[in-house]
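There is one chain below, alone, in structure tokens, taken in the form predicted alone.
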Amino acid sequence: MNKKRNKLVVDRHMFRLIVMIVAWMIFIAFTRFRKFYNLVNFQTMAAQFPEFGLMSLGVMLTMITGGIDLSVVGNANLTSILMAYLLINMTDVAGAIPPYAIPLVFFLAILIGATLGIFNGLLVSKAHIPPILATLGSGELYTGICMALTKGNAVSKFSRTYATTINNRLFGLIPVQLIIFTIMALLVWFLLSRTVFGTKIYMLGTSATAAKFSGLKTDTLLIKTYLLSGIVAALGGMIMLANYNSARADYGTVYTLQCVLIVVLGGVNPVGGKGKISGVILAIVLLRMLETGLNRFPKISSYYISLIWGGVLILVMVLNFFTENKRVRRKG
């Protein structure tokens, strides 16, 4: 019975997202049809959202455990800057890079992301620092390292081969960035729904005390979760590196708020134990469509977008609060 009720709660989140997407699509159809409904626009959206979409997957994983990862943007920027410097060293006089360069930088980016994620996991599990403070601090640390490495400047004098490869389209239609995001999303879905690891992190998020007394190695579980978060954040940084053809310490500063908004909007409980990747993906699509649609209205300044995201986040939290209260009353 409880499982059915929990499923209904998740379905409410999904239903809310679907209604919002459909409503926005209808509104745009009546106001900016030609500017929004075209193949190039949808391909552009599909190429742009994976960078913060990947970071959102990391925030989702940590939030399911009852924590959070606010260092995803710092992680992404630090990884992209280090890999940009490596690409510069591998770029020859003709502006070319060896064939193994792109696989190598992705492999190293995964290692860097994993290392930064493990650091977060150790702060949370071994040092017992609250996740919000641990990852906020580490995020500032990573950003500080970025500033020290670049002096605040963009790192961009490397071969364009990397950007053209990642910005390419499979069969001339599907952006490579979308393929990378899809592969990672499927991997996270598999881990959450088809492995013991997924069951354990849901149990940990539901009750850390119960998880510990049931024999789970909670410290190891947290380290693994933050490690995964670090990897997807680093991959997000590699996509940013391709999209901007440069790396900088302050790229994606608004993504932290967006990632938290996406995860909460997607139905992940901020205190842990609940959430599905399907809801998060729908929330990613909704935010990308909202932002792209708003850009089609010249009179609406882009400076208002952060204000809108903050307002939406508060609204969603209020709606979730009343939804949960109604469910508790009915259960009582």
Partner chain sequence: MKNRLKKLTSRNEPYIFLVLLAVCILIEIRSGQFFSPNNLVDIASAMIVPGLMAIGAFMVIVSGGIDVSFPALASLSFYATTKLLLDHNYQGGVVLPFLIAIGFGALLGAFNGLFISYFKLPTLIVTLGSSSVFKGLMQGALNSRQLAVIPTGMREWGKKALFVAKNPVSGLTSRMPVAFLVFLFALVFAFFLLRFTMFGRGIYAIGGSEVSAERAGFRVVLTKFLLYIMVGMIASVAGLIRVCMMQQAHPTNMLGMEMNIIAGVVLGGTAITGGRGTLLGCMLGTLLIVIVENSLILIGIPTSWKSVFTGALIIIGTGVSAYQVMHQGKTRSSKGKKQEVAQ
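These numbers were taken from a predicted model, which means no experiment stands behind them. Residue numbers count along the first chain shown, from 1. Throughout, rigid core stands for the largest set of C-alpha atoms superposing within 1.5 Å between the two forms.
The same protein has a further form, the form predicted together with the partner chain, not shown here; the description that follows concerns it.
If we take heavy atoms and a 4.5 Å cut-off, which stretch out of 231-239, 256-264, 110-118, 83-91 is in contact with the partner chain in the predicted complex?
In the other structure, the partner sits against 256-264.
Heavy atom within 4.5 Å of the partner chain in the predicted complex: which of Leu173, Ala96, Ile183, Leu133 fits that? Just give me the one.
None of the other options qualify; the answer is Leu133.
Check whether Ala29 has any heavy atom within 4.5 Å of a heavy atom of the partner chain in the predicted complex, and answer yes or no.
Result no; Ala29 lies far from the partner chain in the predicted complex.
Is Leu141 close to the partner chain in the predicted complex, meaning a heavy atom pair under 4.5 Å apart or at it?
Contact with the partner chain, yes.
Just checking whether Ile129 would be counted as a contact of the partner chain in the predicted complex - the rule being heavy atoms within 4.5 angstroms.
Close contact exists here: in the predicted complex, Ile129 approaches the partner chain to within 4.5 Å, heavy atoms only.
If you check in the predicted complex, is Leu313 within 4.5 Å of the partner chain, heavy atoms only?
Although the partner chain is absent here, Leu313 would touch it in the predicted complex, with heavy atoms inside 4.5 Å.
Need the contact residues for 141-178: heavy atom within 4.5 Å of the partner chain in the predicted complex, sequence order, or none if there are none.
Going through 141-178 in order - heavy atoms within 4.5 Å of the partner chain in the predicted complex - the hits are Leu141, Thr143, Gly144, Ile145, Met147, Ala148, Lys151.
Once the core is superposed between the shown form and the other one, does Val312 show a C-alpha displacement of at least 2 Å?
Comparing forms between the shown form and the other one, the Val312 CA shifts at least 2 Å.
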